[in-house]
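Quick setup: the structure tokens below cover two forms of a single protein chain, split into structure 1 and structure 2.
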Structure 1
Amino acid sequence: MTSTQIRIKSRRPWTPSQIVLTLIGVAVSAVFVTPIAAALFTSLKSEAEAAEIPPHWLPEVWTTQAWRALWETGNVTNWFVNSLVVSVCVTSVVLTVSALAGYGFARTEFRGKSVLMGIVMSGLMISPAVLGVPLFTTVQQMGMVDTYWGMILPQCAPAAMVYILYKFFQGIPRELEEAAFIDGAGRWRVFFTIVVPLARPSLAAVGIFTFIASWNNFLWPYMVTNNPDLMTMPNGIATVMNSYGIQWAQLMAGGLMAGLPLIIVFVFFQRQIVAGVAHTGLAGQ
């Protein structure tokens, strides 16, 4: 008897609970997939057909006109490169700052620690939109308007990410670090050789969340730059308009282009995302 036949014979019938959970999973998946499918079908319509009211689901005439027009009229490659540069730099800075700050709060004692921790956590209660004007004024006074640094640095205040890593570092047994101290290791060596390797799931989750948030950020790059050569993907897609209104087919094509890297990130790093959430305790908080 082959192994395939053994597996077929040992397969048990589905229980009612498994059937219900599967149906719920299919329904939830359909809720998330439907908008993406609608955007794809709209992008394959002509502009006249995409603007029809009420809209219909499938195109009457399938065409890639919107995709071609977007590539011809918009600087998609430049938008993509700008978004990639900004997102990668923001992610790198946030990972460095949040890891060092989280470890410092979790493992060191210094005067004013509780006050400083309270100040950092107060950042969780303030909407980024409220800080738009003072941040822009500061960036303008520093001469960083229409620069990469002007888009990058204001996004590198990771109060939530500091808290996530702070809670994770608190859960690492102190005995591991104390054993390394006894062997003569210093604080920095312990951090890089023991703490960071143990924190890889949480660091991966923080990095992925930060990258996605920076990639999708529309408001701040829109405020801080007027140079078309520095537009990111969300800002560039917002320019897909003319005197007659929004070009819906091109807008949907641009949205799919902008969302494709995020889909790829999730497909390849979904295990790290789940593991990071589980290790940081976000699921229970």
Structure 2
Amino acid sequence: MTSTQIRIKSRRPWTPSQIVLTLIGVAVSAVFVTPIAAALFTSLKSEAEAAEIPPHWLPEVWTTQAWRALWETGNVTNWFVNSLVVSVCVTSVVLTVSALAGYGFARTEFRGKSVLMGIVMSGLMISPAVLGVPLFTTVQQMGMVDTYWGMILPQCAPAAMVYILYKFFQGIPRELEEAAFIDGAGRWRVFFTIVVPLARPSLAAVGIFTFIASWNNFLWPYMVTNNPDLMTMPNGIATVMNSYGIQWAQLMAGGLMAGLPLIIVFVFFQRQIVAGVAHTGLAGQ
């Protein structure tokens, strides 16, 4: 009872400026949501209606035909599983190696540290887009074309994530670690029992952004796989569906299926994501 009263009290009254801002917010949001809504409506039309001229927004006849057709071909489930395997593996490897490396660079000493750090930072400028062809021939040499390894491993060395965590670990007070060292804890113990728990929001942000990037990655899987059975969601939808001639209703249904998992994740975790961005120092404080 008391909690509801407090909540009612804390709501501020509508001021004219708040009303104006909220109206602007609604209008701008509508612009952002409209393309997705249009895709949803199109996916609920029949193929014939989706290709009608002139087009209209809402389906005249609502049908789940496109969704069912996609489901029945079975490819989408396949692509979904591939995407999930690739993204989960990439995210776990990236979180592990970049947390370790960020901490190593921020808080330990070893020979050649500053040189290595410089090299890693120059890696910020190199992505599969920049070095696509040589990276492909390297992966080919290792015999990893058309394999999960070939899709996963090259995505696992993002210098940016190391940099973000490095910046964060630098900000942790040294006294916390030192107290533990004096009590006889080793580096690793300190890392796992003190540093990692402190870094949880940053790790969450790094993990979420890695997952988004990996789930949505098009270019690298596109280069490294030809086998439709190994394709991830964005690739399957873009390459295979287009090659049969565009069926718009199915294309939109497939697109929404590919986008939905991340949208659901974001709806549940958005507060943590914004907090994580602020926490990692990405926002520049």
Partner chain sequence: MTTSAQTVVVPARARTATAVATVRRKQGFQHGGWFVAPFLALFALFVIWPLLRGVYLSFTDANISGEGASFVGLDNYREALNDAAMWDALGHSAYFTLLVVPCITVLAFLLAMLAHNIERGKWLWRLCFFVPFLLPSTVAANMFQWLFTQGIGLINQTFGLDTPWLTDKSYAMLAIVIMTLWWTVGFSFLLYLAALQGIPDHLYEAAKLDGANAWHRMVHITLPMLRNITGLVIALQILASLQLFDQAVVMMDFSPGPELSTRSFVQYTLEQGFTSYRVGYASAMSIIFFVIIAVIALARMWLLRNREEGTR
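Quick note, the numbers are simply positions in structure 1, starting from 1. What you are looking at is a predicted structure, and each value in this text was computed from that prediction instead of being measured. Rigid core (definition): largest C-alpha set, two forms, superposition within 1.5 Å.
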{"query": "Chain form predicted together with the partner chain: structure number out of two", "finding": "2"}
{"query": "CA of S114, rigid core aligned, shift of 2 Å or more between structures 1 and 2", "finding": "yes"}
{"query": "Did T193 shift 2 Å or more between structures 1 and 2, C-alpha, core superposed", "finding": "no"}
{"query": "Core-superposed C-alpha of L260 shifting 2 Å or more between structures 1 and 2", "finding": "no"}
{"query": "Distance moved by the P54 C-alpha between structures 1 and 2 (core-aligned, Å)", "finding": "4.4"}
{"query": "Between structures 1 and 2, how far the Cα of I19 shifts once the core is aligned, in Å", "finding": "2.5"}
